[in-house]
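Shown here is one chain on its own, the form predicted on its own, set out as structure tokens.
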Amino acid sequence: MAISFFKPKAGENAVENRPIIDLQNVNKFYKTAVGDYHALKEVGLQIEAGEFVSIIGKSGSGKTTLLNMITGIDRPSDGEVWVNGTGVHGLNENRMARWRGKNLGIVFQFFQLLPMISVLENIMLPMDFCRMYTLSERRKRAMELLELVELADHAHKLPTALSGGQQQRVAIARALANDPPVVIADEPTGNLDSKTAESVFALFNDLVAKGKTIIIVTHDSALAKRTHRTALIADGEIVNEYVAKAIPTLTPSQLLQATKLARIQSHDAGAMILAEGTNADTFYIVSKGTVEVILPRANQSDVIAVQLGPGKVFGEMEFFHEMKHRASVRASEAGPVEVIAIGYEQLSELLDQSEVTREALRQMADRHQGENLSWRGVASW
């Protein structure tokens, strides 16, 4: 197949090393009859090039508003939105439409194909609007994109002659017309049967493998779990993704509470985070890097019992067993580490709201207690 995609290029106002999507302290207020409605609250979200990220949340949580910030359909009340190196928050309306056409491919839940022109012409429209490629190149590229989504035989049909799944594939081809670095899909499988939804999801995976950055907004938590990362939004705020990964049995509002209670700690490579035998008062979630649980051996170097990466926890065993650290934990020599720290008093408040979470954490603590005894047996040997 001749179709090719290019690596993302830094846009105007490019800032070196900035993530391809970078929202900084974004607030959005809407005026209502009863006063200002705070739709987004100090939102920070960073997405690297080539990531496949899902955004989930209940209706009214702020998903659509967040999407509108990224696409430039709406503007933040304050804060900054950077996409592919361009400060979207600073673009005027005239520059916004052309910038959007070159940098973003948008896939809508209801396809939004023009019904009176052919499938091929629908895909050529973004190229026409942004004056990308020559006339002959536009038709050739549109056909190649239809081949990519396995619909080349339907090029000259009207969209209404296609099934819902086929129309969604055409919509994805149209989103790729100008080779944008970022593709955003709003509930792309919401109106499709499970088999067709699976094929659309597989197509997104293929595009990520080719270097595209894909963001999908979905209500489907099972679908979201299959992406690289999930951003949960609740009441206009982003829940820390590692808190959500570590304690998935909490409700969105409880996860948001946990996010607000958490403290971020940074540790240099090889630094000791906590020492065996000292008093324990904190539950930890690894958010960046790797930590090592280490046990001492008489007259020998310490043994690394286990390594824990992002989303893994430590300190839960001590919460349920004696409040004393049962091992030492240090940052890996491979690089610096960031952990999320929640005090036991705050953790207890959370668990009082969720018995299922308390039981899950207790079972984890009991399992790790047994593993700790087993490791000690190996270490002493």
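A residue's number is simply how far along the shown sequence it sits, counting from 1. In this text, all values refer to a predicted model and were calculated from it rather than measured experimentally.
Keep in mind that the form predicted together with a small molecule is not shown, yet the notes after this line are about it.
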property: In the predicted bound form, residue 69 touching the small molecule (heavy atom, 4.5 Å); result: no
property: Partner proximity in the predicted bound form: residue 62 to the small molecule, non-hydrogen atom cutoff 4.5 Å; result: yes
property: Residue 39, heavy atom within 4.5 angstroms of the small molecule in the predicted bound form; result: yes
property: Exercise: residue 58 in contact with the small molecule in the predicted bound form, heavy atom 4.5 Å; result: yes
property: Candidate stretches 27 to 35, 323 to 331, 337 to 345, 45 to 53 - the one whose heavy atoms come within 4.5 Å of the small molecule in the predicted bound form; result: 27 to 35
